[in-house]
Structure formats: structure tokens, C-alpha cells
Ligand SMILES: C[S@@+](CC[C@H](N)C(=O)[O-])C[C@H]1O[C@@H](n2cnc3c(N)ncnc32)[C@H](O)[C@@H]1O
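Quick heads-up: it's one chain on its own, the form predicted on its own, in C-alpha cells.
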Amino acid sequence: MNTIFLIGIAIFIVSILLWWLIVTTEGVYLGRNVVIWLYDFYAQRYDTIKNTQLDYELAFTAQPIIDRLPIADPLVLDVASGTGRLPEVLLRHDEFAGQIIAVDLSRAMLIVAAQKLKSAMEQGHVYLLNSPAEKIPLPDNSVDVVTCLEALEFMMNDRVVLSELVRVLRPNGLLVITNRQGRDRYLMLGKVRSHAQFRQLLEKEFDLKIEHVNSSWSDIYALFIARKNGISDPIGTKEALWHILRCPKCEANALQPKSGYAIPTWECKHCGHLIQQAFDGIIDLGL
């Protein structure tokens, strides 16, 4: 009887541990490949699980960004874009006429995004890149707005990611990001800071000015909007992505269209690395 009881206790403990490792913390303590695999696995059901409401997203995600833009056609980088939630809501806003570069490492999530954003992609309003957040293939100070929603705590090194987000953001550009809150944050050991600590990190370590904090943005996330110190002219919409895209291999700004391929292909004139846009519209960086 004692043996059966102990086995039952062991199974219970293992079940709780697996739930914490896979469901609650979305695999982050098991490594990047597990996180990507989980997002790939849930991709087709992700939007249903999130159950986001368009009116709410327009009012509390898109509008705070729109209100702070000096131009109607900004160049936006959405990191950890997933199924394209932010690009979709921005493009639905009547006052937005910009261009969005959406980056994610889960190709299955980007496939869902491509299905939803097909028309916008064909018109050049959105580009989907399969790329890591730790190595964004854009030059310094090259975009007007950088967003990263509900994702920072699932990165392997959030400081490296934040450094990249700030690097590509132009002086006086906007960083829109979330910080975990609520009881669940205590289960993200070493991955989540208090709002005061997060504010200090952004202001002191990354030299940003906090303009807006909405702790009612969702039950488990607060929305932070910060501005990069300095002054620069708005970037605005670019006609073609390769005008600003940096080679992910040698980091040179030397991409040129390459003929002779069935799908759109660009070659780095500096190192010869090829970047291709697959038939589903996703640009694979070949890393």
C-alpha cells in the first residue's frame, strides 16, 4: 500500500513539474528548440486560445502607438510576431499607412500569419521573416517603431534581445513592449521583473524614456511604451525590404535581387549568402 501511495505521489509531482515546464512557462527552461516546437505545435490553435478581440486590440494596442507617431506611414518592426496579431490590428486601423516587418522563429506561427495577411503581403505592406530576436537583420537606427508583445520572458537572454530592439530603433522612435504581471509571474523564476525593476532596466541600462504604462492592458501583462533618447527624422515606408535588410551572415547592407530562381531570392554582394522568400511568402534567412 505504501509503495502504491509513493508511486502516486511521484506521478503527481512529475505531472506538476511537466505542467510547469511545458504549459506554464512554455518550455523556456528547456531551451529555445523546445519553445519553438511548442509554438509550432499550437500554431493553428493559437488565435483561438488567445481569444483576442479586435475592438479591444484597436483601442488598447494600436491606438496608443498611432497617437504617438509623427507620420502616418512609419516603418514598424514587430519582434516575436507569432500569428501576426499586431500587424493585423495596425493594418486594420484607419490612420495607419505604414509598413511592417514581422519577425519570429516559429515558422508554423508565421504560416498562420501569412494566411491572414496575404493581401497586405502582396501589396508590400508586411514582410514576414523567420529570424531570431537576438540577431535582427536590420541596420542601427533603421525603424520608427519596435514592438515585442507577450514574448520577452520566453527569450533565452532578454538583455540581448532588448539590446537588439533598441539598436535598430531610431532616436526618438517608440519601443512598445510588455512585462509580465499577476500571480503567474512568480512561476517564471529568473525570467520576470517587477514593473519598477523593468522600468529601471529600460531607463537606466537602455537609456529609454518611459511615456506610457498600462497595467490594465491584460490580466497577465502590462504595456510599456518608451521612447529612445535623441532626435532623428522619421524613417517612413520603404518600397522594398532589401533596401534596408542586412545580411544575417556578414551583417553587410549589400543585398541585391538574384535571378534564376523560382522564388524571390536576394544575394549578399559582400559574402554571397542567399536569402529566399518561400512560396508561402515567408522570408527564410538561411541561418
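Everything numeric here is computed off the predicted structure, so don't read it as measured data. Residue indices: 1-based, along the sequence shown.
In what follows, reference is made to the form predicted in complex with the named molecule, a form of this protein that is not presented.
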Contact of Asp144 with the named molecule in the predicted complex (heavy atom, 4.5 Å): no
Do Leu245 and the named molecule share at least one heavy atom pair within 4.5 Å in the predicted complex? no
Even though the named molecule is not shown here, does Phe154 get within 4.5 Å of it in the predicted complex, heavy atoms only? yes
Flag Tyr39 as yes or no: does it have a non-hydrogen atom within 4.5 angstroms of any non-hydrogen atom of the named molecule in the predicted complex? yes
Contact check in the predicted complex: Tyr46, Gly82 and Ala133 versus the named molecule, with a cutoff of 4.5 Å between any heavy atoms. Do all three pass? yes
With a 4.5 Å heavy atom cut-off to the named molecule in the predicted complex, the contacting stretch among 203 to 211, 185 to 193, 167 to 175, 106 to 114 is 106 to 114
Looking at Val35, Ala226, Ile65, Leu241, which has any heavy atom no more than 4.5 Å from the named molecule in the predicted complex? Val35
Single option in Leu149, Leu75, Val89, Ala120 placed near the named molecule in the predicted complex, where near means a heavy atom within 4.5 Å: Leu149
Residues in 175 to 207 that come within 4.5 Å of the named molecule in the predicted complex by at least one heavy atom, in order, are none
